[in-house]
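In structure tokens, the next block holds one chain alone, the form predicted alone.
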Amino acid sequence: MTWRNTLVGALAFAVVASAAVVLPAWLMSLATIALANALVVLGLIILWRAGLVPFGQALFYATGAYTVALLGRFTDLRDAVLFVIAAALLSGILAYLVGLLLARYRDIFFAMLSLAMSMILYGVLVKTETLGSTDGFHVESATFFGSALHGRTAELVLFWFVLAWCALAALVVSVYFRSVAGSLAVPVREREIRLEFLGISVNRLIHLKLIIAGTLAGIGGALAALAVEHVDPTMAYWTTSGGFVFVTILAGAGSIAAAFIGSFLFELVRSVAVDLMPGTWQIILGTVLLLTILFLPGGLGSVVTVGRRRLGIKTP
């Protein structure tokens, strides 16, 4: 990472963290969920750059969320940091196992297999009464470094907590994009056979991307569960995965920052659309997606990339 990238990231973090103090409760809640979901989008961007479009990231998202819920329900653990770490580990292990199969496939087969995996988990959650069945169940309130917080203070600390995980994820992904494995995304998408001739295992590269993306999705699900304080099977449903793909199209794969901006705009547009058109709010979202594809095919990331280039800042 260049010093300019680090400076811009630090300034953005400081501004967002400071702005949270004056944000109204509803906007802070929306921003918290948007940041949590942006981690899933960040993982999708990693796969998107390699030409892979999974429709089953809700599998890892729900895994992370249910890990937090089950730990709070059946153990004495309450620490938010331990919750998220446990969700990341479990989601990462699951991504490793699922990746053993998915890494062999491409195109529509990759997308449909990932979707099938997610729907298997959905079916298990719906049919299992211990896991709350179709209604899901409540997530116990977490503590932060041993302190139980309430009211506005709890909301503010949770927002900062989620923001800190997002900053860490952005840093790790930025380093990954500059590594050999990360920089081979375009060759994986366009020159896979040539890479194999050079002795590079494309399946291993994709497997690594799947593990990183799955872990990020698990962390996002854990943070979302802490924010909403409820989990249910729809977290693993195909429409949830579709929503993440929608945001990825809106954000584009050109910039890490676009994942967070796109996720926030998506949640904001959806919130306004539901308020204005409760029965047909999908029309507004569909229109936004259509306009993005027609007039901004590179997504918001293309705008961010152009701006960074004009400022002389390298884009990861």
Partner chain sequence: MSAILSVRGLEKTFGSVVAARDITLDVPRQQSIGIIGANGAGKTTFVNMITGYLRPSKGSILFEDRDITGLPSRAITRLGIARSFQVAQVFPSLTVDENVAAAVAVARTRASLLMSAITPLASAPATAEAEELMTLFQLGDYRNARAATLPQGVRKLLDIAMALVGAPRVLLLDEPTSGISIEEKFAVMELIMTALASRRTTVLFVEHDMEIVARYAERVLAFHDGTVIADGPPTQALADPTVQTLICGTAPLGVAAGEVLHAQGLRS
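Numbering follows the first chain given and starts at 1. This structure is a prediction, so every number in the text was calculated from the model and none was measured.
Omitted here: the form predicted together with the partner chain. The next part is about that form.
Across the proposed site, 155, 165 and 168 without exception lack any heavy atom within 4.5 Å of the partner chain in the predicted complex. 176 is the sole member of 176, 160, 96, 238 with a non-hydrogen atom within 4.5 Å of the partner chain in the predicted complex.
Checked against the partner chain in the predicted complex, the residues 201, 75, 134, 141 give one hit for a heavy atom within 4.5 Å, which is 201.
In the predicted complex, at least one heavy atom of residue 190 sits within 4.5 Å of the partner chain. In the predicted complex, the partner chain lies within 4.5 Å of some heavy atom of residue 194. The partner chain in the predicted complex is approached by residue 180, whose closest heavy atom lies within 4.5 angstroms of it. Using a 4.5 angstroms threshold between heavy atoms, residue 82 stays clear of the partner chain in the predicted complex.
Partner proximity in the predicted complex, defined as non-hydrogen atoms within 4.5 angstroms of the partner chain, places exactly one of 145 to 153, 181 to 189, 230 to 238, 217 to 225 at the interface: 181 to 189.
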